[in-house]
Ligand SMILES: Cc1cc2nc3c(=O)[nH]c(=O)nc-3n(C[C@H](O)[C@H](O)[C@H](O)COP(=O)(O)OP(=O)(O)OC[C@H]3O[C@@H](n4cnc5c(N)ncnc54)[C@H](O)[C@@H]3O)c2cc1C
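Take a look at this single chain, the form predicted alone, given in structure tokens.
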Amino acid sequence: MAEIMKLANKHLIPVTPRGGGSGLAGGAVALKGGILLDLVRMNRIIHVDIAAKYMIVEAAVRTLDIQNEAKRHGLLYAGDPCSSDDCVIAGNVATNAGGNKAVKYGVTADQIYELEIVTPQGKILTLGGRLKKNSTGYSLIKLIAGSEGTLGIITKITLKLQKLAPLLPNFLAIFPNLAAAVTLVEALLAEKNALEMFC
């Protein structure tokens, strides 16, 4: 890919990167002709580190596959765009996708430790680092996230994983009277449950 970008840059040939092609804004359409660079075969999950809670993936891994792989290890990948069954991770980064869990966990840029990109000049760069506190220099990951492939082609991503929250079931119990309901309060609170009563 770096060699293709060097050649395209030298001869001023437009390049359009294509991840999953699931975007609705036409970002994967080569409007200016040139080279349509399809990343579909870059679809490997390279490494999952359960202890350090991160995953290294290639550009065209489906978001759903990342979520399922994390879940298989008792972890959560919090990026959750509504099209997660079709979209790929580099597209999520390129659009800085939000989704259903964004209010709690943030958007895609908040889920990234490290990015590997190929620049328009054909240089391979690694941005960020696998650290919780990484405050040195400019936040280049947040610059690339949402840039729609205009600043570089995303090839590899190191994603943050979270501990999978336990499933907490909710129950509705109906009692014949208030006295019967009150008999359960002490037992339920002893198990660290939350209670709400409607009369």
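Only a predicted model underlies this, so the values are computations on that prediction, with no experimental measurement involved. Residue indices: 1-based, along the sequence shown.
Below: the form predicted together with the ligand, not depicted.
**Student:** Assess the spot marked by Asp110, Ile112 and Leu159: is the ligand within 4.5 Å of a heavy atom from every one of these residues in the model of the complex?
**Tutor:** No, the whole trio is out of contact, none within 4.5 Å by any heavy atom.
**Student:** For Ser83, is any heavy atom within 4.5 Å of the ligand in the model of the complex, or not?
**Tutor:** So Ser83 counts as contacting the ligand.
**Student:** With a 4.5 Å heavy atom cut-off, would you call Ala70 a contact of the ligand in the model of the complex?
**Tutor:** Taking the distances in the model of the complex, the answer for Ala70 is no, it never comes within 4.5 Å of the ligand.
**Student:** Any chance Cys87 has a heavy atom within 4.5 Å of the ligand in the model of the complex?
**Tutor:** Cys87 belongs to the contact set for the ligand.
**Student:** Does Glu148 reach the ligand in the model of the complex if we count a contact as any heavy atom within 4.5 Å?
**Tutor:** Contact check for Glu148: yes, within 4.5 Å of the ligand in the model of the complex.
**Student:** The ligand isn't shown here, but in the model of the complex which of Ala78, Ala97, Leu127, Leu75 has a heavy atom within 4.5 Å of it?
**Tutor:** None of the other options qualify; the answer is Ala97.
**Student:** Could you run down 40-65 and flag each residue that has a heavy atom within 4.5 Å of the ligand in the model of the complex?
**Tutor:** Read in sequence order, the lone residue that approaches the ligand (within 4.5 Å, in the model of the complex) is Ala59.
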